[in-house]
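Just the one chain here, the form predicted on its own, laid out as structure tokens.
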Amino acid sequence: MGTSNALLKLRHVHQIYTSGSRRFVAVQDVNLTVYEGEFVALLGPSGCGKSTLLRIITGLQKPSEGKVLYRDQPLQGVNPYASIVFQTFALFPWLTVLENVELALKARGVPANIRTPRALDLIDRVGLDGFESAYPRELSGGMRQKVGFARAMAVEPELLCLDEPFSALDVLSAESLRNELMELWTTGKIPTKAILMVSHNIEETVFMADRIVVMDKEPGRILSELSITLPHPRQRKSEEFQMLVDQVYSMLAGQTQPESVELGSAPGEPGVTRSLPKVTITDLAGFLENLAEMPQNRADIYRLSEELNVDSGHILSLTEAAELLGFATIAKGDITLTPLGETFAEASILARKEIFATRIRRLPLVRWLLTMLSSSEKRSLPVGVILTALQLEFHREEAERQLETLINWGRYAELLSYNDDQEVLYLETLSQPTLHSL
């Protein structure tokens, strides 16, 4: 497909939220152009502003700063030339498949004598012929998402936006739907002129997209772009495909920085407060144990996703946690266990707790929480108070994720206790761990 005419242009787009005197930069200085004939993927970790950009592009949200141009005209309100498919199915359960698809056309004022045959045609194209009168509860997850695609395409959007449309599906359903969408797109069986997809799945973007826009968080911004010129259908096992996947992993994983950069700062201190990756200790321990069994305690990060049967986004979160805690270093797309990481992987249950407690005490966000608790009466605080304080650093959803991670990590390390009934967090001990040298 050609890429001569620009459909969409973002110019110096910022999205900034305020809470009292604090400013949260969700999206920083994003410049992006999407051309006719392109399948573009926005790829990055949770919290990097991918979905925010999609809402801005479709006109569901106005940027704080910058311009959104569609065919060189400033976007005013909802973009009439764009349609969006969300990760959840978002179907009306009391409407049939046909009625759900027709709804989009009805909202645009399309007469019934036109919208019914158009809806039926799209239902047939996405492979749901025979299910027109079925209700969503009668369909599998993949079939419900196909209805979402048909409804989005019913209005014949020039720009089809996809917000992690396969993430709520099981592996087989997701793979089947990806292949079917690519068949529709590459054969021109849908009227769409360009597709813009948000994803955190690296293999998915290399499989589908013509161009990958790699984003980073804190604040959300574009790191780099990568053109994918492999012909469709793409072969996942080919050397070219795997080299591209490895390249994208390297771009996202980055390289271990000096500790002063890696750790960030605590709330209230100058600099950026480093968020904690949302991973469980069980997953992290299993991840490190697997690395400890590999030659030289080293692995290509992109190969770990397939070898461990773990989603690429979760692999990146695990590598981030291992790096943050000093259990591993990252360079050129490879992850290598440190001697401390090897010690943790081989340690007993109690020794792991002690090592982990020592390491998380170094993290500015954990230090801040322990200081708050030790300074409070009875060395305890309602979680609502802590959440309010975290919202001075993070937007509400992220603050809730950070609080959950802090509680889980702190309880594992036996630094914190939590009363779920009263929703109160306690400082369990003020004693220092014995492994001071770690």
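All residue numbers refer to positions in the sequence shown, first residue = 1. The model shown is predicted, which means the values in this text are computed figures rather than measured ones.
One more form of this protein should be noted, the form predicted together with adenosine-5'-diphosphate (ADP), which is absent from this view; the next part is about it.
For P382, no non-hydrogen atom is located within 4.5 Å of adenosine-5'-diphosphate (ADP) in the predicted bound form, even though that partner is not displayed.
For P45, a non-hydrogen atom is located within 4.5 Å of adenosine-5'-diphosphate (ADP) in the predicted bound form, even though that partner is not displayed. Contact between A26 and adenosine-5'-diphosphate (ADP) in the predicted bound form is found at the 4.5 Å heavy atom cutoff. Remark: R411 does not count among the residues lining adenosine-5'-diphosphate (ADP) in the predicted bound form, judged by a heavy atom distance of 4.5 Å or less. Distance criterion of 4.5 Å from any heavy atom to adenosine-5'-diphosphate (ADP) in the predicted bound form singles out S51 from the list Q391, T33, T405, S51.
Partner contact region in the predicted bound form: 51-59, out of 382-390, 51-59, 65-73, 366-374, criterion any non-hydrogen atom within 4.5 Å of adenosine-5'-diphosphate (ADP).
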